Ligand SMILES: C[S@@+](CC[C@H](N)C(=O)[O-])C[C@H]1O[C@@H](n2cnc3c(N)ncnc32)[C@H](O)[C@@H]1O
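The chain below stands alone and is given as structure tokens, in the form predicted on its own.
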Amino acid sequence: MKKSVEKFNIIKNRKIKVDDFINRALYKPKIGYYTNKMPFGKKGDFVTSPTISNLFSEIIAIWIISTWETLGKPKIFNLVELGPGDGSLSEVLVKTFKNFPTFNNSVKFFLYEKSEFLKRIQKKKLNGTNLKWINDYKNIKGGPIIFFGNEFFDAIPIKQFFIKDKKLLEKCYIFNGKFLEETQCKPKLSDLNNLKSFKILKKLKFIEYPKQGLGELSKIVKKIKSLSGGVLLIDYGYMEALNESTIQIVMKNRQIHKKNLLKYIGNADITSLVNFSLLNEFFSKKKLNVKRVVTQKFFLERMGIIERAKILEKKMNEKQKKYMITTLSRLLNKSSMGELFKVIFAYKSNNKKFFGFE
């Protein structure tokens, strides 16, 4: 245990902030969770919508093409997938785009991925495609830009704050030689000022603040304002504040008890729920238009996933039909991903007729 902890620069009796700990556990080169193992799919620790069903990815492709049409069918159309995972979504997007030649000739497809380990997996799966991997958005120019992220935001470390004796303190961990204990730190003045700037956070006694995530979104917003376009995010989250920690440790498709943080460090995913009300307020403060937040079930059904399934069903045998019904249910069921996952779209465009939200 001690040797494992030392690799992550966690020192006995020294405090470490929540986001700093998560960042080391997930992204420390060669030993962090996303830098050393394959997390996706049935053999991984969790499954995502693109790995559950190609139907999900096909619907996203149709939404992207319809958005291109809404933006006036520009001759240059930039598309960025945020955190492409194992490349499953991109693979289906590329295949679907080929059925729409005019769009396919217009789109410039970029993958934003920081993990070199996952990049290798993606490049192997997407070998022979005309995709470009990027670490920033500086060189993207020309026409409008659409950013898309499925379970991108929940993988970015968060900060946690709580009120004690009428004071706002930051939650930290401390390693006592055996396990991590929760403790408190004095927050930075800049962080306190940021928290106070959001109306949605003012009455909370326990605050989860995605400082790093909002930093990422600020870069995205800047690019959207420069080129026009928007950002679509689909993630596991909530609208009404929960006033409690939403951090989860996930391994082999099940949650691990939070006291086992160190036991599974580097070998399990650490994630948190996304505060969509906060994202809504953030985008509005940045002067972007925001479509109303909807559930994944609402979005996919509005985009015609059931109709698409009925068309495919005609060419399937019984075994294939049964599998499709099962996977479709998982995407849409209220107690599964259907309502637990939310969808938000923030944009800069004079045309507001984007599909999936009305």
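Here the structure is a predicted model, which means the values were calculated and not measured. In case it trips you up, residue 1 is the first one in the sequence shown, and so on.
The form predicted together with the ligand is left out here; the points below concern that form.
Checking K125, K141, K196, K114 for any heavy atom within 4.5 Å of the ligand in the predicted bound form turns up a single hit: K114.
Contact with the ligand in the predicted bound form, defined as a heavy atom within 4.5 Å, holds for exactly one of M251, L118, V221, L273, namely L118. Stretch 79-87 is the answer when you ask which of 198-206, 79-87, 276-284, 170-178 has residues with heavy atoms within 4.5 Å of the ligand in the predicted bound form. Taken together, the three residues Y34, F152 and E216 all lie with some non-hydrogen atom within 4.5 angstroms of the ligand in the predicted bound form. Contact annotation: I265 falls outside 4.5 Å of the ligand in the predicted bound form, judged by heavy atom distances. Of the heavy atoms in I156, some are within 4.5 Å of the ligand in the predicted bound form.
Under a 4.5 angstroms non-hydrogen atom cutoff, the ligand in the predicted bound form has T48 among its neighbouring residues. Residue contact with the ligand in the predicted bound form: Y27 places a heavy atom within 4.5 Å of it.
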